[in-house]
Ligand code: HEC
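The data below hold one chain only, encoded as structure tokens and taken in the form predicted alone.
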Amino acid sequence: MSQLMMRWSIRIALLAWLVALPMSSGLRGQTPAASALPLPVERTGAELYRAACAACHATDGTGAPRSLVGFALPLPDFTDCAFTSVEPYADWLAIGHQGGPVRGFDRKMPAFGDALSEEEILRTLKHIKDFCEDPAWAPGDLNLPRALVTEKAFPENEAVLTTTTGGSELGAVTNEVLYEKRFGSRNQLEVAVPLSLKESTAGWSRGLGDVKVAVKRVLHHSLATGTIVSAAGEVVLPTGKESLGLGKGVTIFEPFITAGQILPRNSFIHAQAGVEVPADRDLAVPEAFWRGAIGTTIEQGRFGRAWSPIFEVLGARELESGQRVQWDLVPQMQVTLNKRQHLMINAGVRIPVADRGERRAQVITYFLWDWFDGGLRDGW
């Protein structure tokens, strides 16, 4: 009996030792062999770039020579801030994940969605954008969808054709061609040329309206907070004939502040405030204005067409005693037209809230071409 008990005691002790052995390795629940396996190492953006991108784009981001890559397609220079900073991460991610054709670029830009996780692609893109060493350039993520009336803060390279119809009991159509050119890291020059067609009791008049020239400068931007603020000064030149209803007949100076803010869930707001100051107050009255827009962007599929419903509230008041504030509401929808998303349209209605007896609703549309991203026939 004592020998039997001794045998069982030995077996129990041996079993206890076998159970306790894995726990003594310091990794609870793992065997010594498993605990010796190396843990996966998270590669940095620089390491991922060297492994996946440097063969074509060069280690320094300037692009490998054509003799080395074996094709004649020009490669971008990632150290050029004018190129690297203007597009948002979403567009870079789409190309990195799906390859060049997803944004209408060449198939020689391969897709890495099967080889790298989305987090790894984003770390790689962060390294690529760091090739731009000048922090004065506002990142393209702050380039929020453009509203119909409210000026946005991001400096642009684009052309916009805006058509406005209605606004009075008599017929009126205005086509305004706007050209915007970015210069330097923070500045933008713009010129707007309106061509108007208006009806009066004497018949129809058509011709050039008042030309506008403006300069805008970014005062502050932060991707961390999703904020951009700019100041601008615009001059309205009396190039249209006032007698025909095509202009105001006086030079007007228009300083203003404009800001943009990224909100959660692909939403955003724009805000603008300024004042119109005529050169001759006998011919026109100074006017203060303030505008705001709120919207969101909905992607059609993972990397497809972008739809942006936007709602604007516009206010203006002549700076004279007894004048009332004129309020307008502008519901609208912007949509991208092609894969590269540098061509888009927007359409909406400007609805008067105050003085509706004197003012009529206007239908406003624009066609926008971000010419820095390619020609009108590119990227489809």
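This structure is a prediction, so every number in the text was calculated from the model and none was measured. We number the residues from 1 along the sequence you see.
Below: the form predicted together with this ligand, not depicted.
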Thinking of 177, 183 and 213 as one candidate spot, does this ligand come within 4.5 Å of a heavy atom in every one of them in the predicted bound form?
-> no
The one option of 255, 76, 304, 135 with any heavy atom within 4.5 Å of this ligand in the predicted bound form is 76
Could you tell me which one of 310, 95, 142, 246 places a heavy atom within 4.5 Å of this ligand in the predicted bound form?
-> 95
Residue 106: touches this ligand in the predicted bound form, heavy atom cutoff 4.5 angstroms = yes
If you check in the predicted bound form, is residue 71 within 4.5 Å of this ligand, heavy atoms only?
-> yes
Find out whether any non-hydrogen atom of residue 57 is located within 4.5 angstroms of this ligand in the predicted bound form, and reply yes or no.
-> yes
Any non-hydrogen atom of residue 196 within 4.5 angstroms of this ligand in the predicted bound form = no
Which of 275-283, 121-129, 232-240, 162-170 lines the interface with this ligand in the predicted bound form (heavy atom within 4.5 Å) | 121-129
